[in-house]
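First, one chain by itself in structure tokens, the form predicted alone.
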Amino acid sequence: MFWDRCRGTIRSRKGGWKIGEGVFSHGYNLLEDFVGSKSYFQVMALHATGRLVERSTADWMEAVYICMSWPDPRIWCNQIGALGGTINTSIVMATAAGLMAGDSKLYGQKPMLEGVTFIQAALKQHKAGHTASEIIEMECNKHRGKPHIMGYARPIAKGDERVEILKKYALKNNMATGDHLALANKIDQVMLEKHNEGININGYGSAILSDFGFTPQEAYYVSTLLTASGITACYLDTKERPAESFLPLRCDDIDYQGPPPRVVPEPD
């Protein structure tokens, strides 16, 4: 039986520490091959995908991380970090809890799955002869005519300053425009013209990760810690203030609209 063969033995297809020989990851000697010559983001991508990406790819991923981890306690995953600080829990616990909250449908790590899935499917449709406008129309038909396309809207503000910064980064570093990004730009133009919604950092990043060769799952995996540093910053901000001073509530702050107070019946 398979389970019996697993009893009492730990096996790994990723790597491990061989005492006296080194620490290995996907065939590389982690310490000897990487320390001082490869970046942390290259190692992170290796652990997540099994492939050692180019330094330029890893540097772009680092730029996206900077764009996605803001020290603003109004962002809900950051609020959890701030609440952790105000009750003086550990920084690791607060950051981990905030990360779990960031793993949501509309913001943070998980939308990368949908964003990359969409642009890769869209490129197949485009190569089969469909225009950007037709692709958008097909997506709208899935949502009763509404342009609910992951990567092409923003709930609070119009436009996305992070995309503009990443475009400048790409221009400065001579990054080529791949097929996915070229299509994403066409979809952006049509979305702006027809629906007044443009590409956001998810749509832009999903296209570039696709051009880098990442699958939807791999894009999700390398995004695991995407919001971590902003959560940590918000934790430290409240930890350095008086305890429980972040968003305190009085009982009369609560607008209770349930049943009115009732008399507890006497026992028989």
Partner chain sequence: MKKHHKQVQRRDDSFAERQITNIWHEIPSPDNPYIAADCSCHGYNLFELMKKRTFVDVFFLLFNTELPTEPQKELLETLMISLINPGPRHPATRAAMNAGVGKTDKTHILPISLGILAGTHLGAAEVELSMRFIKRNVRKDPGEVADLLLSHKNTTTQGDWHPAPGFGSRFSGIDELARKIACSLLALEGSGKYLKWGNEFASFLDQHKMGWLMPGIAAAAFIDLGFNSRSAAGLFQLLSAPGLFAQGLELTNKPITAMPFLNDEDYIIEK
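Treat the numbers as computed from the prediction; the structure is a model and nothing was measured. Residue numbers count along the first chain shown, from 1. Here the rigid core means the biggest group of C-alpha atoms that line up within 1.5 Å when the two forms are laid on top of each other.
If you look for the form predicted together with the partner chain, you will not find it shown, but the lines that follow are about it.
S.K.: Just to be sure I understand the contacts: of M175, A101, C140, A132, which is the one whose heavy atoms reach within 4.5 angstroms of the partner chain in the predicted bound form?
M.R.: Residue within 4.5 Å of the partner: A101.
S.K.: Please pick, from T117, N185, Q125, Q79, the one residue with any non-hydrogen atom lying within 4.5 angstroms of the partner chain in the predicted bound form.
M.R.: Checked against the cut-off, the match is Q79.
S.K.: I'd like to check something about P147: if you look in the predicted bound form, is any of its heavy atoms closer than or equal to 4.5 Å to a heavy atom of the partner chain?
M.R.: No, no contact at 4.5 Å.
S.K.: Please tell me whether any heavy atom belonging to P248 falls inside 4.5 Å of a heavy atom of the partner chain, as the geometry stands in the predicted bound form.
M.R.: Close contact exists here: in the predicted bound form, P248 approaches the partner chain to within 4.5 Å, heavy atoms only.
S.K.: Taking any heavy atom pair closer than or equal to 4.5 Å as contact, tell me whether E266 reaches the partner chain in the predicted bound form.
M.R.: Close contact is absent here: in the predicted bound form, E266 is far from the partner chain, nothing within 4.5 Å, heavy atoms only.
S.K.: Does the 4.5 Å heavy atom contact test between D72 and the partner chain in the predicted bound form come out positive?
M.R.: So D72 counts as contacting the partner chain.
S.K.: The chain here is shown without the partner chain. Which stretch in 105-113, 132-140, 190-198, 166-174 comes within 4.5 angstroms of it in the predicted bound form, by heavy atom distance?
M.R.: This holds for exactly one stretch, 105-113.
S.K.: Which residues within 81-110 place at least one heavy atom within 4.5 Å of the partner chain in the predicted bound form?
M.R.: Going through 81-110 in order - heavy atoms within 4.5 Å of the partner chain in the predicted bound form - the hits are L83, G84, T86, I87, N88, T89, M93, A94, A97, M100, A101, D103, S104, K105, L106, Y107, K110.
S.K.: Superpose on the rigid core, then tell me if the C-alpha of Q257 is displaced by 2 angstroms or more between the shown form and the other one.
M.R.: Superposed on the core, Q257 moves its C-alpha 2 Å or more between the shown form and the other one.
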